[in-house]
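As a starting point, one isolated chain is supplied in structure tokens, in the form predicted on its own.
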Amino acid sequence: VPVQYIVLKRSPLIPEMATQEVQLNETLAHLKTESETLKTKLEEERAKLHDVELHQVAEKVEALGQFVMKTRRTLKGHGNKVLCMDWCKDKRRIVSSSQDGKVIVWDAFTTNKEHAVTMPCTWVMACAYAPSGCAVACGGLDNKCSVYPLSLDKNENLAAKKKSVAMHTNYLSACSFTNSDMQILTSSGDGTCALWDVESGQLLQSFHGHAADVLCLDLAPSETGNTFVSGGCDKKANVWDMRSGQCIQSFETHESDINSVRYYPSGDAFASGSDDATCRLYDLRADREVAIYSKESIIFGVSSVDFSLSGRLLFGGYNDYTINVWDVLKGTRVSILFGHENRVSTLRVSPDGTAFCTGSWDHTLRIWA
């Protein structure tokens, strides 16, 4: 009986092969429509949570008074476009990187240069200060992320102690230490983000989900757990779980590349800046975009965004050489700052919230307060 059974079972296979291709195409089409239906359902569920606009909730909040912010320091020393900068936890030192391959550590208060390294590549698009203040990481067109320990001896050759930590298959767009000096998170033009062990250079976790270059990332404030957000050329902002490597939330409302993402101080929301000339605010608990910061008159892209310490202000560095300051709750622009003579490429608020620093294609960095 079993033999007969097998023969009987197998006979329908011959016509099947001829129709397999047709079925495959039908299945693909079917799956595509199914995924579209599910997407629509998800959007409908999201819309149900959309009960009120942020600016309506904020109507009763007191308006911000006039405040004067101006350039307090100008840091000169880069021979080309400044591409990235980061503050040290000591609220005083800054690391910056530029197109000519230079990475400089500054004392922002005295404007003195404390260390300088020339990278073997140009376009050093990413740099970060270690939490301890004892090392900096940087990389760019070399597809690598290198860590340089900083010593107290000003004359010491930093390049000799360089450690290559991360290797991507395309340029490094951003890097950030996690809450310790021992791990580093990177994003790259190869469409991935990755978590590395600094000591061994081992890949601990990789994050796949963007369909194009990843341009930026930001780590959630430490209290809120092991997540980070990334943005890229696929117009998407993805929130990732660092332990599982899974994308846990995705937002796609921008109309062009996302150049910058930054968590709200509480960790419950994040802002993004894009080439579509808007900044947007996404609420993670409501799982949707809750505000757009834009004006008819603003037509240039946003390269970099950051929040004030309280989260009430959002600073945006723009490609028309200006810095726009937005009231996060009311969605209005409260100030516009002039000073740079070329596009603003990077902007970070200092750890104590008393000042912020911008880097520009005019080769300088400015400290504003």
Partner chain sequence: MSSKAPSANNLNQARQTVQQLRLEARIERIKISQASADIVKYCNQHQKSDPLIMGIPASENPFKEKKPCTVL
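These numbers were taken from a predicted model, which means no experiment stands behind them. Residue numbers count along the first chain shown, from 1.
Keep in mind that the form predicted in complex with the partner chain is not shown, yet the notes after this line are about it.
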Only one of 262-270, 131-139, 177-185, 118-126 has residues with a heavy atom within 4.5 Å of the partner chain in the predicted bound form, and that stretch is 262-270
May I ask you to choose, among 198, 290, 204, 242, the residue with a heavy atom within 4.5 Å of the partner chain in the predicted bound form? 290
Would you please decide whether residue 163 lies within 4.5 angstroms of the partner chain in the predicted bound form, comparing each non-hydrogen atom pair? no
Contact of residue 110 with the partner chain in the predicted bound form (heavy atom, 4.5 Å): yes
Even though the partner chain is not shown here, does residue 281 get within 4.5 Å of it in the predicted bound form, heavy atoms only? yes
Just to confirm, residue 312 within 4.5 Å of the partner chain in the predicted bound form by heavy atoms? yes
Since the partner is left out here, which residues of 25-50 would have a heavy atom within 4.5 Å of the partner chain in the predicted bound form? 25, 27, 28, 31, 34, 35, 38, 39, 42, 45, 46, 49, 50
